[in-house]
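Starting off, we have a lone chain in the form predicted alone, written out as structure tokens.
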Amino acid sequence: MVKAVTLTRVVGARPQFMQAAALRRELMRRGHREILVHTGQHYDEAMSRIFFDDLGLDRPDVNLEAGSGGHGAQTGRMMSALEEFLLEHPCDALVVDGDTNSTLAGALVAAKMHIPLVHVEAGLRSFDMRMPEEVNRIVTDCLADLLCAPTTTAVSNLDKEGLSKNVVRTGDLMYDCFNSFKERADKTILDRLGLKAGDYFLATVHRAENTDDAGKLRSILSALDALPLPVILPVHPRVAGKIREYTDSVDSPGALRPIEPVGYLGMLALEAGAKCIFTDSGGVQREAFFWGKPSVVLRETTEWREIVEGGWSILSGWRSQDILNAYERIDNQYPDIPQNVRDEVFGGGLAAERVAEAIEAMLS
């Protein structure tokens, strides 16, 4: 009989909400207690609330309200508030996932307070140290007591860095979440937007490397606007501000159709109906693969090499012509993705069970 434990789960961005939902259900089923700490990194309350509602996830036990700002200032505020919280609310282990500043803050505080640290999504690498996310994930992996790697490539990356101890290949919690909610995708969003499945593209652009550079953002938007079908672009408020700053308007006379941000269930429906997905998001790239949809990744690198190496996704970078060329290639040569391949790459929907088992083994 495994003893019940108390875990503190640190989240701060939308992909982490999805992964928290998948793991929380499994932990509760096993009789464990999870304290959900929202750092406030994703600080738009309305957007956070939509995701929590869609996922059926309880409101966080605490919101540290770190807000935006430079990496150092934001991470410092998170660390200070999290340390204070943990002093008053002890736990058996602290769980972080991914590569955000919230991840790094949680990892550093856990290490300094000698709290066992679990890193979900361990071992991912872009091999681009210019990315803040790459620094965050490498530091977190070095500090973690348990490394939950989603793919065989992630396991291999850790082994090459001498981090093969306490590594478990668990699969991807986002795939668990997808399998749980795909049948509940909000297809009414297509009617509301006047869309027909297969007759539009979907795009997301959010990474600072693309949105904080005027030339890159203009080039990406120009390519999307030149595509042969309408391009639905849910726009985060921060990115909308950048678009207004760098261009005349968020509105477009061409293919591009910017819309307000949508919740998880609406996004699932838009992905399912899209002919092709253009994104700089690792989460959306994976969800395209889960749906069996081709994707063009608006980056030079990706952490999800299996999808690219299988021919299901193409890296285009930010230049307009490269994006258009990538679409032509994938439109002409896109291979089907058998269900067994999706399960093999991302763990067959058993990631939450494997992560929970690994945590229990670590704490036993």
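Note that residue numbering begins at 1 and tracks the sequence as displayed. Quick caveat, the model's predicted, so the values are computed rather than measured.
The form predicted together with uridine-5'-diphosphate (UDP) is left out here; the points below concern that form.
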- Message: By the heavy atom within 4.5 Å rule, which residue out of Gly273, Pro258, Pro294, Gly283 makes contact with uridine-5'-diphosphate (UDP) in the predicted complex?
- Response: Gly283
- The single option of Cys91, Val262, Ile138, Ala81 touching uridine-5'-diphosphate (UDP) in the predicted complex, heavy atom within 4.5 Å: Val262
- Task: Decide if the three candidate residues Pro15, His206 and Met267 all line uridine-5'-diphosphate (UDP) in the predicted complex, where lining means a heavy atom within 4.5 Å.
- Result: yes
- Specify the contacting stretch among 338 to 346, 352 to 360, 21 to 29, 7 to 15, defined as having any heavy atom within 4.5 Å of uridine-5'-diphosphate (UDP) in the predicted complex. 7 to 15
- Message: I'd like to know if Met174 sits close to uridine-5'-diphosphate (UDP) in the predicted complex, meaning any non-hydrogen atom pair within 4.5 angstroms.
- Response: yes
- is_contact(Glu287, uridine-5'-diphosphate (UDP)) in the predicted complex, heavy atom dist at most 4.5 Å: yes
- Message: Quick check on Tyr327: any heavy atom within 4.5 Å of uridine-5'-diphosphate (UDP) in the predicted complex?
- Response: no
- Query: Just to confirm, Trp312 within 4.5 Å of uridine-5'-diphosphate (UDP) in the predicted complex by heavy atoms?
  - Reply: no
- Going through 213 to 235 from first to last, which residues have a non-hydrogen atom within 4.5 Å of uridine-5'-diphosphate (UDP) in the predicted complex? Pro234
